[in-house]
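Just one chain is shown here, as structure tokens, and it is the form predicted on its own.
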């Protein structure tokens, strides 16, 4: 049996590290400490449900990256990281949730041993996985170092995907199609929402043919009726009702890569204002996809969609999408560029986004979205093959 179960070639990982090091140089960073599990995976391949304890990747301007974490998770690193075992480090369990010592003390010791006690060290300060206490302890243990905010430095290097990554998203998209088809097929009056979500989970984890399903970074969002006027509600044990719309915000996941897909089902006869909004939304999505071309900007996608809504007299605020790809809970977005009217990020081939121009109105919600790929030429490609419409079940 192979010792490693890495997903990509060493060449692919070296490509990623080279991009990150160029960004580190531009930012004046000698050593980067990466805590975001998506960024850890992207640089080293590490994959485990261990991001509730302190862990991360140490990257300097030469040599291989070092994965550092809890000792028992170090063993998982030896299975999933592409580097040799000497570059996978573990701290003892007496550091875990201790009031007497902190894992950052162990990390600081390794940084000192590497000869970087006085380095300019980049840390991801605006990150779910790097606490205020961790920052304070690291600063105290490295008094001669300069800690710099390197939030999203790695994330921005992930924005344009390699061909290998795009292939992973295509596989995830096959599962996305399956889970949304399952949700729409099973939706009917009297169906308990938790039972429907159980079917969604089964479809997603069982996958499609040889494409097995991983756990998505966001749980199924399946609100109905007035609950669907809000964006991020999950489910309960209520029965689905005739006369209500339910939107499904779901994604397949394969090797941590996602392709979110949203569709809406109405049980009964939709009201006229929802049908009119459906026309606007679908027309706006087509306009947005046409504007999603290499050389244009993310705001061009948003403005194309908003121009259609204005024509229909529909008001909408907020962003309409974000980059997607490799992610862990609690979010499948990459937290860099946004599809919104004030964002001027230039689109490049290989960028992938969840184009998400949902409408949340006073009494219902309507979500029709696409995960898209920016092509070398022409409009963006939708990863999923599914009718773009409001699904009505009389």
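The structure presented is a predicted model; accordingly, all values stated were derived computationally and were not measured. Numbering follows the first chain given and starts at 1.
Just so it is clear, the following notes concern the form predicted together with another copy of the chain, a form of the same protein that is not shown.
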property	result
Non-hydrogen atom contact residue 284 with another copy of the chain in the predicted bound form at 4.5 angstroms	no
Residue 141, heavy atom within 4.5 angstroms of another copy of the chain in the predicted bound form	no
Contact of residue 164 with another copy of the chain in the predicted bound form (heavy atom, 4.5 Å)	no
Non-hydrogen atom contact residue 73 with another copy of the chain in the predicted bound form at 4.5 angstroms	yes
Residue stretch of 317-325, 165-173, 298-306, 113-121 approaching another copy of the chain in the predicted bound form, non-hydrogen atom distance within 4.5 Å	317-325
Triple contact flag 232, 335 and 340 to another copy of the chain in the predicted bound form, non-hydrogen atom at 4.5 angstroms	yes
Contact residue in the predicted bound form, from 85, 276, 93, 188 (heavy atom within 4.5 Å of another copy of the chain)	93
267, 197, 280, 154 - the one with a heavy atom within 4.5 Å of another copy of the chain in the predicted bound form	197
Any residue of 115-134 that, in the predicted bound form, places a heavy atom within 4.5 Å of another copy of the chain	125, 126, 127, 128, 129, 130, 131, 132, 133, 134
